[in-house]
Each structure stands twice: as structure tokens, then as C-alpha cells.
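Have a look below at one chain only, the form predicted on its own, in C-alpha cells format.
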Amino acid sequence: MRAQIAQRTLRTDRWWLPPLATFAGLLLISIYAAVRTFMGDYYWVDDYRYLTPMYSPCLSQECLPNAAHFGRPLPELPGFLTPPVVIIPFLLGFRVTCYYYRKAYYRAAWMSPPACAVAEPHAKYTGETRFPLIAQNLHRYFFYAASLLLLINIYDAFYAFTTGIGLGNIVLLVNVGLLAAYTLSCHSCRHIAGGRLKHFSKHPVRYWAWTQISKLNARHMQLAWASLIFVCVTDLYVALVASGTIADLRFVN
């Protein structure tokens, strides 16, 4: 039997501060991403071949020809829809089903529970066995899609170096570095590398990969936030240069 405590919690510290900060951070990033998604402009700098990761790959007929590195096989999107809606379901699916982000928004948004030793307001708990939370089990498949998109982002970053080197190149490079670290630190990636092995000694390559990924996995929370924030920073920088608000700092032309 659980202890019958009338109070929701006996904690006297500011236990509500971390979930509040998490909720505020995710809300602000979500608003920025929504605005930029449906803006449909300022995503490509033709002079330096900078393409924001929020619009990569650009596959529909609305895309600027030079920004469509893999062609425009999709027809023009109807209504207010813009090119990012093609890839956002996969990127959002990967983040939403991520083990760290589950903890973050379960606590911050659903208060399930909001903090350790704090009772949650829900009358019952069904876990991730019913709709919609049963979709969390798709995380591994979203990982595959996100990995493919990561490779495309890496291509975009290095393709931009064909015009020289500027601050935007450094921003794009740091962005893909953080995205790669976050993706590789994923629990699914760690399981794919070394999961279900009974004898590590018989699989030295997979064991080495598992140990390296495990080191990244220990920093999965920090990498989740750093990569998410820097995607927005990268997109903002490309948008400011594309709109002519600022000029790209060039090192080598």
C-alpha cells in the first residue's frame, strides 16, 4: 500500500521550476518553428548556397530551383502548406518519441508526474499501451528517417563550402555536428549497435560502436536541447542573410 498523504507533495524546494522552464522552452521553440514553417520564404542564400535545415530537403514545386538539391519531384502543395510540411512529420516524430523528450513533456505539459515525489493529478495511468501514446513505439523507425535527413543536412553543409568560407558555413557545420551527436546518442541507435548481443567478445566492432554511443548517450539530454536550439539559430541566421537584414561575414571567397 502507498503511504496515505493528503498533501500533493512534502517538498519545500522549487520543484515546479524545472518543468516550468522546460514547458516555456519547448513552447517558444514550437512557436518559432511554426512561424518559420508557414512563412515559406528566406530559406536559401543563393550567393553562398546556404540552405536552412528546416527546409531541407526542399522537394516540392514551390522550392527555389537552386535550393532543390535533389530535384522537385513533388507537385505544388495546396493552400497555405509550404515545403517543410513534407519533412516535419519525420523530424517531429523523432523528437516527440525520443526517450528524453518524453520525460520532458510528460512532466512539463501533462504533469505525469511534474517532479519526483510530487503526485500527479491524473486518476489513472495506462502507460504507452493505448492510442495515442502507443505511437511512441515507432521511435526506432523515426530514427531511420531522421538519420537519412541528417545525411542530407551534412551534404547541404559541405555543398555550401563550394562558394568559399563564411560565418554561415561555420554555423551550418556546427549545426550538423550537434544533430549528428544527438541522433547517434539516441537510445535506439545504442540498441541497434549493441543490443541483443550475448557475447560482446564475438562482435568487437559492434562492441566498440556500442561503447562510443554509450558515452554520447550519457549526454543525450544536453545534446537534445543544444541541437534543437541550434537548429533555430541556424535557421534564423540563414533567414537574416537571405532577407538582407545582415551580411554574411566572409573569410575566404
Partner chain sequence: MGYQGHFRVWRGSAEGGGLEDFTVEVNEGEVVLDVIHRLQATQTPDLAVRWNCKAGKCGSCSAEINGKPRLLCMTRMSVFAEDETVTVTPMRTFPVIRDLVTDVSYNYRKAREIPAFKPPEGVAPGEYRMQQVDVERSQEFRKCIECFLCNNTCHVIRDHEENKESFAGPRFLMRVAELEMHPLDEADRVQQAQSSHGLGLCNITKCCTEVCPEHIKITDNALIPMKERVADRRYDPIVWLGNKLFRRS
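Residue numbers count along the first chain shown, from 1. Worth saying up front: this structure is predicted, and the values here are computed from it rather than measured.
The same protein also exists as the form predicted in complex with its partner chain; that form is not shown, yet it is the one meant from here on.
Student: Counting only non-hydrogen atoms, which stretch in 67 to 75, 95 to 103, 169 to 177, 155 to 163 is within 4.5 Å of its partner chain in the predicted complex?
Tutor: Of the options, only 95 to 103 has residues within 4.5 Å of the partner.
Student: So its partner chain isn't shown here. In the predicted complex, which residue out of A109, V118, V86, A145 has a non-hydrogen atom within 4.5 Å of it?
Tutor: Selected option: V118.
Student: Considering its partner chain in the predicted complex, which of L138, A181, L149, L81 comes within 4.5 Å of it through any heavy atom?
Tutor: Checked against the cut-off, the match is L138.
Student: Is there any non-hydrogen atom of S227 lying within 4.5 Å of its partner chain in the predicted complex?
Tutor: Residue-level check for S227: no, no contact with its partner chain.
Student: Would you check, heavy atoms only and a 4.5 Å threshold, whether N253 touches its partner chain in the predicted complex?
Tutor: Output for N253 is no: heavy atoms all beyond 4.5 Å of its partner chain.
Student: Even though the partner isn't displayed, in the predicted complex is L20 close enough to its partner chain, meaning a heavy atom within 4.5 Å?
Tutor: Because no heavy atom of L20 falls inside 4.5 Å of its partner chain in the predicted complex, the answer is no.
Student: Is there any non-hydrogen atom of L249 lying within 4.5 Å of its partner chain in the predicted complex?
Tutor: It does not: once its partner chain is placed as it appears in the predicted complex, L249 has no heavy atom within 4.5 Å of it.
Student: Going by heavy atoms, what in 118 to 148 lies within 4.5 angstroms of its partner chain in the predicted complex?
Tutor: Contacts from 118 to 148: V118, A119, E120, H122, A123, K124, Y125, T126, G127, E128, T129, I134, N137, L138, R140, Y141.
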